[in-house]
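First comes one chain, alone, set out as structure tokens in the form predicted alone.
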Amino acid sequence: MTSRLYDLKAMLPGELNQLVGELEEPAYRTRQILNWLYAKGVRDVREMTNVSKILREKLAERTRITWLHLVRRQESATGEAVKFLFELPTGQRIESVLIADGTRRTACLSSQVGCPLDCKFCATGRMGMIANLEAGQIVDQLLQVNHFARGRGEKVTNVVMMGMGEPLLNYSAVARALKLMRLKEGIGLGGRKITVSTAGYIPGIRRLMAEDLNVGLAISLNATTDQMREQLMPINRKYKIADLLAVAREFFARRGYGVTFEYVLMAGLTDADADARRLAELTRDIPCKINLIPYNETDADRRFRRPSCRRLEQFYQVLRGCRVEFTVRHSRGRDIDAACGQLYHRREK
């Protein structure tokens, strides 16, 4: 008996098959176990009723099944966003979001408790770095969000690693979770239905592009000069805008499809006509998508404000004049603090 319990929810089929072999069981037990985990959502191996009692006892000695405790669920007034507050065994808490957009249902998942990068406009950054999530904890967020969606006659169609934390600073767990999300025996998401968002951690971007995952990449640009980006995102002191543009070109050359640049519009900081023109010039020769995000305000920090509708429209017009294609991410969960940049949880007494 090993001193460390294996998390079944974090095991890839090959690893699970090896464990089944070590327990002197036939290979088809692997498929049965995966079905219980992903299709039936068991919390305990003893619930696997079509598995022999002897195997269940062996699994109970060697393994565990990650299950996050759902503390609270909040739905937006429109029903287009649902925020989930989960508690880890340590008592720490994380948030996930289900976003409805037409026929698409996107699960926004967290990769860390808090975040070490201290982006000044992001609520999660105020928490600081608390802990990395395990692969099974990332996957369980998706499974529980999807279970809720199925209760409404829907299912998760897309995943974005844009919740709490910097995914590429918890690389091993995130990469393993992405592989598990793609299992045909599980959720079975296609790689292009998954997007990993980063503040610009270039070593992690290079690791990701070398993986056989075929997932999308979103880089949070958020400013058009190094001076402003360093004020907003301390990571820019090490990885400059020019470095991000270079790695975006490298990503396209390696993977065959472009990155998404995310750009948060903040009043008086990143929303000037000159910013729009610089954004057009910076990305002109890079195969990419541009996703504009009007800032989502929080009560805790009044330094950053959402631009007026008139200012936003003027910014869009300048980009159109520069022949730049872009999309605007319309926030669906602002009324429950579930929109981009708003995820933050202070430990309750």
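From 1 onward, residues are counted along the sequence shown. Note that the structure is a prediction, hence the values are computed from the model and not measured.
Below: the form predicted together with a small molecule, not depicted.
| Is it the case that Y38, L98 and N158 all touch the small molecule in the model of the complex, with a non-hydrogen atom of each within 4.5 angstroms? | No: none of Y38, L98 and N158 comes within 4.5 Å of the small molecule in the model of the complex.
| said: Please tell me whether any heavy atom belonging to T30 falls inside 4.5 Å of a heavy atom of the small molecule, as the geometry stands in the model of the complex. | reply: T30 lies outside the contact set for the small molecule.
| Would V324 sit within 4.5 Å of the small molecule in the model of the complex, counting heavy atoms only? | Answer no; every heavy atom of V324 is more than 4.5 Å from the small molecule in the model of the complex.
| query | Wondering, does A223 line up within 4.5 Å of the small molecule in the model of the complex on heavy atoms? | reply | Flag for A223 set to no.
| Contact between Y171 and the small molecule in the model of the complex at 4.5 Å, heavy atoms? | No, Y171 sits far enough from the small molecule in the model of the complex that none of its heavy atoms falls within 4.5 Å.
| task | With the small molecule left out of view, choose which of N296, Q314, T66, T63 has a non-hydrogen atom within 4.5 angstroms of it in the model of the complex. | result | The residue in contact is N296.
| request: State the residue from N146, T198, Q137, T270 whose non-hydrogen atoms include one within 4.5 Å of the small molecule in the model of the complex. | output: Only one option qualifies, and that one is T198.
| said: Among the candidate stretches 160-168, 186-194, 99-107, 207-215, which one is within 4.5 Å of the small molecule in the model of the complex when only heavy atoms are counted? | reply: One stretch meets the cut-off, namely 160-168.
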